[in-house]
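The form predicted on its own is given below as one chain in C-alpha cells.
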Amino acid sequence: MHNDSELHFSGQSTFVDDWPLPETTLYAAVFVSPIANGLLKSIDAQKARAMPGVKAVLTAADIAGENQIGEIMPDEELLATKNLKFIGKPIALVLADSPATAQQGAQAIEIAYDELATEFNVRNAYHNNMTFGDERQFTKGDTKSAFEQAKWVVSGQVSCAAQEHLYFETQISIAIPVDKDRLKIISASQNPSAIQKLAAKVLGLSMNSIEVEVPRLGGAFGGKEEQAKPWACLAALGAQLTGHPVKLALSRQQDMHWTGKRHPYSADYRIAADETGRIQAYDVKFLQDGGAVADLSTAVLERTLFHATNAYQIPNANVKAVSCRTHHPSNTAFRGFGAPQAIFTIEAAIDHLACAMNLPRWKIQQKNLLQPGYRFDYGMTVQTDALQNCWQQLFKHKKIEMRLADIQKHNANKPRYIRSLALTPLCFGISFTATHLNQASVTVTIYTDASIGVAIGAVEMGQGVVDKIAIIVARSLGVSVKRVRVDFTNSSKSPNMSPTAASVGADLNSMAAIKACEKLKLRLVDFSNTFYGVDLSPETNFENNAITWEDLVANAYLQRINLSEHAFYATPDLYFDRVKEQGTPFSYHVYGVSAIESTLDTLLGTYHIDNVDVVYDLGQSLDTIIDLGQMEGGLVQGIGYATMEEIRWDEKGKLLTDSFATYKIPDLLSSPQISVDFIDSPSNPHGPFSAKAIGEPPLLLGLGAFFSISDSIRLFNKTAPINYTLPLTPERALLALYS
C-alpha cells in the first residue's frame, strides 16, 4: 500500500496549507495586470495602505536584490516595472493580518497604463518574428527525393490546444524568518533548488541563507516545476521586508487565470509512403505557443523534436520547430513535456495516409514499427525489440483482430451507436535532455534504535516516489521496509537537487540510494564478520538472520562505526550537441501500445470510451500497484486531453474556463475499463534493479481516443472533413457528423 494512502484517506496528510503558522503570520494577496499587453505608468496603493489590517504594500521598488526570475531566458520580472505582458502578471504584493483583508487591499490598488495590441494566434506571432530563440531542425536522409519518388503523399495541419494542470492543491508558499538574513520557505514546488536560488537572488542573499522544504504536493503534473517560483519568491520578499512569516495561497480561479498551461501547438505535416504503406518520408513543422515569457518553452520544444517520429522507423525525416511568444500567461511543462503534441501529429499524418490509401490505420502502424538497430534522426539507436513484443502481446492477449472484426460486423447494420477501436504505439525517451540535470544525491542514516531515515531530492506528488525509494533502501540493506522513513524534501538535506520531472525522479534518487546503501551494508558486514566472527555476505537479509538488525546496529554504534552514508549519482554517457543536433540525450526508452475502444452516439455527438487495453515495457517493477496507478491516471488524463478538456479565452485574453464547472475533465462515470499488462524487458542498467519509468508515458497512450472517435465519425459521414484538432469535444463531433 502507498504509504500516504491511509493519511490521505483519513485527512491527516500534511500539505503546505496544513503547516502550523506563528501568530504573527501575515497573509499575502497579489495585485496583477488586468490586461494582456501594455505599459505600466503608475501605481496608486494609498487606499490599500490605509485599510485597517493591511501591514504593507510592496512593489518592484522594494526588491533588495534582482527583480528577475527567468532562468532559461532573463525575461521574467518578479514584479512588473513597466511591461505588462499577460493577464495575471504580478504588480504589487499586499500583506495583511487575514487573507480576506489582503484580498480587499489588493482590490483597492489602482494603476494607470497604456494598453497595447495583443497577439494570441501562434501563426501570426511566428510571421511577426515573435519567437523565443531560433528555429531548430532535425534531419535524416533525403526527404526531397523521397517525396518525389513516393507513390502516396498527403499533407495537412494539426492543432493541439492547451490543457489545464488542475492539480488539487493550488500554488502556495509560506516564508518564515529564522534568523538575521535567514529564511525558511515551505513551498508546493517540484523544484526546491530553483526556489532557493531565485529567492536568494531576489532578496540579495546567498543560497545558504535560504532553506526550502516541500512536505508533499497535492498534484503537479509539471505545473509546479517553474511556475511555483513567483509565489514562493513573493512570500519570501514579504517575510524579508516585514520580519513576519508570510503565507501566499492562490484561489482556484486565480491559479487557473494566472498560471500557464500545456503548450498549444500548430503544425504542418507532409508524409509519403510506398504502395504497401511503408513510410518513406516525413516533413513537419511545429509552431509552439510559449506564452508571454520563455519559462520552459524551449526545453519543451526540444522534447517535441526528439519525439516527432514516435514509434516508427522513417528513413527520411525533416523536423522543424520554433517557440513563439504570445500574450497568454507563460505556458509550461506538463506531463509528457512536448511529446503529446509531436506524437499526436505523427499519428494524425498516418491516419490521413490511411484514409487516402483506404487501408486500416493499424496496418500502416504495424508495418512501420521500430526495429532493433534503427537509428533515430538525433543519433540514438533502438536497442531492444520491446515495442514489437508489446504490439504482438496486445494483439494476442487482447484478441485485437477478433474485436476489430466484431466491431465491423456491429457497424455494418448502420446503428445509431457506432463503435471503433484505435491503436497507439509509443516510444518515449527517459532523461532530462539538459544533461546537467541528470544527477541526484541521497543520504541514508541508520539510527541507534535500528530505524532508517532517508533524505532525497525527489518530491512526492502522488506518484509514489517515496514508497519506491523506501523499497529500494530496504531491499539494498536487507531489512523490512517498515523500518524505513523517507524525509520531506529539503534543500539543506539534499542540496542542488534537480526538479522532480521528466519521469526520472525515482530513477536518479533510487540509484543514488542504492550506492549509499551498498556502502553502508558492506561496512556493517565487515564489522559483523570482525565483531561476531561470523562470515556474512553482502546479500544477507537481516530480518532472517541469527544476528538481528537491532543488535548489529547497537554494537556498531558502540564501536564507533559510521551509520550514515551520502551518495551521488549522475546518469552516465549522456550528451547532446545542439549545433549538430546529434548525441545520446536519453539513458533509455520505454515502449508501449494501447487499444482504445469507444462508442459514438451519431444522433447527439456524445461518446463514451469503453475499454482501454495496454501492454507496457516496465522493466522490473519495484511496485506494480504504484505503477498501475500511474498508468491508469495517465491514461485518463491523456483521454481528457484528446476529447473534452477545452480551454477558452475571450478576445482580450481573459480565461473563460476558470473552474471545475466550466473546464471539464474525465470523472469516474466517464472513465473507461482499463486493462494493463506489464512486460519484463531485458536488463536496464540505468534503472534501479532494472525498473523503468512510468510517470509521463501513460498520458501519451490515451491519445488514441481521438482516432477511435474520429473513425466512428467517418463511418457515419463518409464526406466528413479531415480535421485534426484537439480536443475532439462532443460539439466538434456533432458538427463533423453532419457537416
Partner chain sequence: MTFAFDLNGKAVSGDDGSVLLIDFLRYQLHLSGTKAACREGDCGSCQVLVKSPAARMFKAMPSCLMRLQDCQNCQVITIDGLPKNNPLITTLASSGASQCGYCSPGLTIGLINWLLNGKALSETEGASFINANLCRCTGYMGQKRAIKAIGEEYSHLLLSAEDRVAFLQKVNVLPKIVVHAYHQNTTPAQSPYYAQVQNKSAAILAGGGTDLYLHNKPSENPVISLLKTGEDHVVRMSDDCVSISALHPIQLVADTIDTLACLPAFSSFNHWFASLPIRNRATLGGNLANASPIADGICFFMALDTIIETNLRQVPIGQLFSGFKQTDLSLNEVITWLHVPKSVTRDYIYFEKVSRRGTTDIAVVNCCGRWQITDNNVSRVALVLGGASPVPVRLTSLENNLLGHSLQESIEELVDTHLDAAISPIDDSRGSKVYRRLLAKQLLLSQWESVKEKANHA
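Numbering follows the first chain given and starts at 1. Everything numeric in this text was worked out from a predicted model, so none of it was measured.
The same protein also has a form predicted together with its partner chain, omitted here; what follows describes it.
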Q: Report the stretch among 405-413, 296-304, 210-218, 356-364 that approaches its partner chain in the predicted complex to within 4.5 Å, counting heavy atoms only.
A: 210-218
Q: Identify which of E565, E119, D75, E169 has a heavy atom within 4.5 Å of its partner chain in the predicted complex; exactly one of them does.
A: E169
Q | Any non-hydrogen atom of Y575 within 4.5 angstroms of its partner chain in the predicted complex | A | no
Q. Can any non-hydrogen atom of S10 be found within 4.5 angstroms of its partner chain in the predicted complex?
A. yes
Q) Wondering, does Q673 line up within 4.5 Å of its partner chain in the predicted complex on heavy atoms? A) yes
Q) Any of the heavy atoms of W258 lying within 4.5 Å of its partner chain in the predicted complex? A) no
Q: Using the arrangement in the predicted complex, list in sequence order the residues of 453-476 with any heavy atom within 4.5 angstroms of its partner chain.
A: M461, G462
